[in-house]
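Starting off, we have a lone chain in the form predicted alone, written out as structure tokens.
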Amino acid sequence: MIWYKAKGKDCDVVISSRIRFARNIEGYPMGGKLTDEKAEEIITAVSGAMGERYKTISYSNLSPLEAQSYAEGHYVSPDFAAAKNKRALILGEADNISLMVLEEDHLRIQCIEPGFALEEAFTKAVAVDDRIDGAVKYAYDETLGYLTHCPTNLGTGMRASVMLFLPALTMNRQISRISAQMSKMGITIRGMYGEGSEAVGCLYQISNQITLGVSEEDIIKKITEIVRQTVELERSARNSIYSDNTDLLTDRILRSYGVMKYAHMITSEEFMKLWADVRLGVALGIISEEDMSYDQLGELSVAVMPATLSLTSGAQDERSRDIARAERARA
């Protein structure tokens, strides 16, 4: 199962749930001091621990488009895709598991599940973490926990994040207020690709800031409570906006739906605005799920991204991609 092609719990608001562990292997330097020879040893050790069921992809052998396409599908971070060091992606799509080997840390284990499913993602990520821990020795300190390249990941080394679709709270300009409240509780809200990214398509990631001095269970509990509150706020805001502006909102949504169905060219920026309107239309019942389902919208959101679209359509320049993007949306 590929997470963005599936329909999960609370999918009208919650796009996906992710658990990520940062780990380093004892006896190997971090960062730029790691030689290619030692990097290859780490890749071989982790790949061997995961077995043949998982696919190991050497980033040294990928084109820039292929590397970026994996970032568009959230298998790797944008920084990992753009890096030049020796590194690898170990992929288990059947389990929604991906492992970035030699990103900022030696190993980033992540599981992304569709919808609101932090517990399920955690269970799968822990199983992979335990499997690798049985094959290598992690860098660990009794006081500091897992030792990481960045001090902000010390302790559990775990980030729990949930991607939310918040069009009504965006329209009401409530995101800044909500973000300030979350920050006081050690929670951060970012764009769809995490730290430093913009919130396009009304998509936001909520994740924990603190990993030291708290347990994995406490992190998940706090994120779960915050997400549940945010889901209710978004649903309430949607109902309020729709009841106050029924005709205007319906017209806006159906116009966006019409453009996606019939346009000859759609830019990447325009697509995300149209996509957000159509997805809101499905949530409000203005557009039937038989005409456009959540899983179709999820698949489409990745399929029309620049690198992925170039690989599948052969379109290499911006105008050709805009034409191919509209064709993919019409289909």
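Residue positions are given as counts along the sequence shown, with the first one as 1. Small disclaimer: the values here were computed from a predicted structure and weren't measured.
In what follows, reference is made to the form predicted together with another copy of the chain, a form of this protein that is not presented.
Asker: With the partner removed from view, which of 90-98, 147-155, 251-259, 178-186 is the stretch that lies within 4.5 Å of another copy of the chain in the predicted complex, judged by heavy atom distances?
Answerer: Partner-contacting stretch among the options: 251-259.
Asker: Just one of 278, 46, 266, 304 has a heavy atom within 4.5 Å of another copy of the chain in the predicted complex. Which one?
Answerer: None of the other options qualify; the answer is 266.
Asker: Please determine whether residue 142 contacts another copy of the chain in the predicted complex, using a 4.5 Å cut-off between heavy atoms.
Answerer: So residue 142 does not count as contacting another copy of the chain.
Asker: Answer yes if any heavy atom of residue 247 is within 4.5 Å of a heavy atom of another copy of the chain in the predicted complex; otherwise answer no.
Answerer: Flag for residue 247 set to yes.
Asker: Would residue 311 count as touching another copy of the chain in the predicted complex under a 4.5 Å heavy atom rule?
Answerer: No, no contact at 4.5 Å.
Asker: Look at the candidate spot formed by 2, 5 and 72 and say whether another copy of the chain comes within 4.5 Å of a heavy atom in all three of them in the predicted complex.
Answerer: Not a single listed residue reaches another copy of the chain in the predicted complex, so no.
Asker: Taking another copy of the chain in the predicted complex, which residues of 307-331 have any heavy atom within 4.5 Å of it?
Answerer: The stretch 307-331, when checked against another copy of the chain in the predicted complex, contributes 319, 323 at the 4.5 Å heavy-atom cut-off.
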